[in-house]
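There is one chain below, alone, in structure tokens, taken in the form predicted on its own.
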């Protein structure tokens, strides 16, 4: 892949300064452009892509601070280094507080300039990478096997990306039915352990003796009926990932042995004397409040801190209602194919009801509802009569819309528009009236959201 040649804009009203900086930087392989005042520089930054702008504080039309403010206001993606005289260093520091990467003092020392520019460009590359990731996440409807494009789900995707290639143990928290195992599989598939096994075990599904045997295995003759040796889940997951669901239900006696495996990366089978070394990444999940479990002494604190290096919180479906349409349509498609049914859509009235329901069973409940609807559906569109009575007869909840801190303005607007449309049962004229916008504006917004109704 060809290395990017960075373009640098030098902004100064003294031509000899521009010429001097150009002489220093051009041999380093950069493309150099220049501007003599703030307005000219701003126009160039709007029309072209510059990785870095070297801006003198004292320039005409727009001074350095004003130009920096315009760059940030217009979200122009360029790194800024301020050039200042020794008497204006306080102003240069103020510029850094307002978003400049660093500053240089006149006369500019060539070595300092050649040292600073690569660091500023590296910061620019990080900024570009982060912006690209944000753009990708904003338009994603699917991430591995997870579905959703709400702010909450983009936060989950971002955390998975950050933690996947690390060695950190992960705890996934959230209510039942939110998709915690799908998150665990996504972490595994995006990690360098993807070619290794992914082994899952529900800690709440077995009594203590059987759970211990499942985790650690046993040697022949370890107990009555143990006719031959058996490998446990730690061994089976060697080189890969062990997913422990409902880890908060693990008995205290087993927690002590589990903690030793985390610390020593070795264990003994039941009835065995030989230490078995394993290379396993642990991902745990729970719907319990782990702080409460530690307070009640049903979860060891030392085990919690070993496990919970990174926590990923899965939002309940009621907090990501904007994802219901995506999820419902995906489930409809999958169950139609599975059941050989020609069902390819959901009616607007049906969507309105789905969006009013509180979904205590989360995504799992929605999935079951759609499966039932596809099976019962007599046409190519799911209608109200295909939904169970608990959904269609549910009372309309509070008219208040709760949005978590950090939700973008675009997502706030989308959520308010779609929830108001749900409330009016898809009456666009009434929705526009409630929101105080024209019907044309509402239609434009719905087209932007690719709303089908």
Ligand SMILES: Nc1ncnc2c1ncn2[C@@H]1O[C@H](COP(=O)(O)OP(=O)(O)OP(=O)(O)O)[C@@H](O)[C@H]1O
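Residue numbers count along the first chain shown, from 1. Note that the structure is predicted; figures quoted are calculated from it, not measured.
Separately, the form predicted together with the named molecule exists; it is not shown, and the next lines address it.
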{"property": "The named molecule contact at residue 102 in the predicted bound form, heavy atom, 4.5 Å", "result": "no"}
{"property": "Residue 90, heavy atom within 4.5 angstroms of the named molecule in the predicted bound form", "result": "no"}
{"property": "Proximity of residue 351 to the named molecule in the predicted bound form, heavy atoms at 4.5 Å", "result": "no"}
{"property": "Close approach of residue 178 to the named molecule in the predicted bound form, 4.5 Å, heavy atom", "result": "yes"}
{"property": "Option touching the named molecule, based on a heavy atom within 4.5 Å in the predicted bound form, out of 199, 226, 261, 327", "result": "327"}
{"property": "Single option in 117, 153, 170, 370 placed near the named molecule in the predicted bound form, where near means a heavy atom within 4.5 Å", "result": "153"}
{"property": "Contact test, all of 147, 182 and 320, partner the named molecule in the predicted bound form, heavy atom 4.5 Å", "result": "yes"}
{"property": "Per-stretch contact check against the named molecule in the predicted bound form, the hit in 216 to 224, 67 to 75, 249 to 257, 170 to 178 (non-hydrogen atom, 4.5 angstroms)", "result": "170 to 178"}
{"property": "Any residue of 270 to 289 that, in the predicted bound form, places a heavy atom within 4.5 Å of the named molecule", "result": "287"}
